[in-house]
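Form predicted on its own, single chain, as structure tokens, below.
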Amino acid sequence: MSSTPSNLNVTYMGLSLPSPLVAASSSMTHTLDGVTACAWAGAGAVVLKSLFEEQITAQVEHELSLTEDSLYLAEAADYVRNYTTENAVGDYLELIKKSKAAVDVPVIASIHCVTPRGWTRFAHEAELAGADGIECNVFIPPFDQKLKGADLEQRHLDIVAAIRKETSLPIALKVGYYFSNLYRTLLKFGRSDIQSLVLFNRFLYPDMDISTMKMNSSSVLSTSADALRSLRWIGILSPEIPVQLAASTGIHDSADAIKQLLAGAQVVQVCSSLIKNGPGHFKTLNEGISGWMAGKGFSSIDEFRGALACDKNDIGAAYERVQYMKLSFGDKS
């Protein structure tokens, strides 16, 4: 029996979850043991570790002649072949089947992609394997000066449309924050054929070792401070957007999760703290949320979700400019 308290039930993407805490796509959800450990510890749903578009494309190349799509991703596909087997797609579908047989919480397949071409039939295969939903993680670094902002937005929408043609499963779109008008763009995404918008995917930052004068990567794991970006935009968007919002990045303790729910998130995704503390951390987080609810007299999450969301008639003030003015003028209230 799961250790999740019964008063934490939520509905996400049309799916019933025993907790608003979702195991995010990570190394912890790459194996059946990891999936079952998360579910038994109290995760409301599990997002399997992402299968990359290049992996699917590499698989397709073994079945079809060289296509325009594979030429577009040739360099990436070559790299992927160095660390994946030819059976990557088959192994992933098998993980979906085994996970569905082993746990009683929703299992969501995840795809990390950059184009709407060639690979999207995988969504249909994931549905046949038993997946409860598809999370589409779109990461397009904004470093191409030829790529216009409108084109970047449209590629996201084209990916959603291509997936929808392949499956009737609920779709979650996980996006970054590199857009010229983030508010307008996220609202536009929210009006597409998706059920959830996940804010935000995590960008790794470069670092430098000044002793060796070499480039390296900054810390892979997030901190609670990283949750403030999604907190702002979920609070601003939740009264306006027609789809459910999921908070991602920086959820390390129950307070982090509660804040996102107060801002209007339907669920929160847990990744770095899960890697750091192990699957048992779900029990701690659930107990923290449940205890806070009891102390405030709440019997369900719906009773307080969005209580601190932005006033739709005064967009952004409480989440941005007013706080800046208070700090600038020394107002501590």
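Don't overthink the numbering: it's just position in the shown sequence, from 1. Predicted, not measured: the structure shown is a model, and the values here were computed from it.
Below, we turn to the form predicted in complex with a small molecule, even though it does not appear here.
**Student:** Using a 4.5 Å heavy atom cut-off, indicate which stretch of 158-166, 177-185, 120-128, 244-252 touches the small molecule in the predicted complex.
**Tutor:** It is 244-252 that comes within 4.5 Å of the partner.
**Student:** Taking 8, 41 and 286 as the candidate spot, are all three within 4.5 angstroms of the small molecule in the predicted complex by heavy atoms?
**Tutor:** No, none of 8, 41 and 286 comes within 4.5 Å of the small molecule in the predicted complex.
**Student:** I'd like to know if residue 271 sits close to the small molecule in the predicted complex, meaning any non-hydrogen atom pair within 4.5 angstroms.
**Tutor:** Yes, residue 271 lies within 4.5 Å of the small molecule in the predicted complex.
**Student:** Give a yes/no on whether residue 266 approaches the small molecule to within 4.5 Å in the predicted complex, heavy atoms considered.
**Tutor:** Contact check for residue 266: no, nothing within 4.5 Å of the small molecule in the predicted complex.
**Student:** Quick one: is residue 220 in contact with the small molecule in the predicted complex, heavy atoms, 4.5 Å cut-off?
**Tutor:** Judged by the heavy-atom cut-off of 4.5 Å, residue 220 is in contact with the small molecule in the predicted complex.
**Student:** Even though the partner isn't displayed, in the predicted complex is residue 37 close enough to the small molecule, meaning a heavy atom within 4.5 Å?
**Tutor:** Output for residue 37 is no: heavy atoms all beyond 4.5 Å of the small molecule.
**Student:** In the predicted complex, which of the listed residues (259, 232, 112, 100) lies with a heavy atom within 4.5 Å of the small molecule?
**Tutor:** Looking at 259, 232, 112, 100 one by one, just 112 meets the 4.5 Å heavy-atom criterion.
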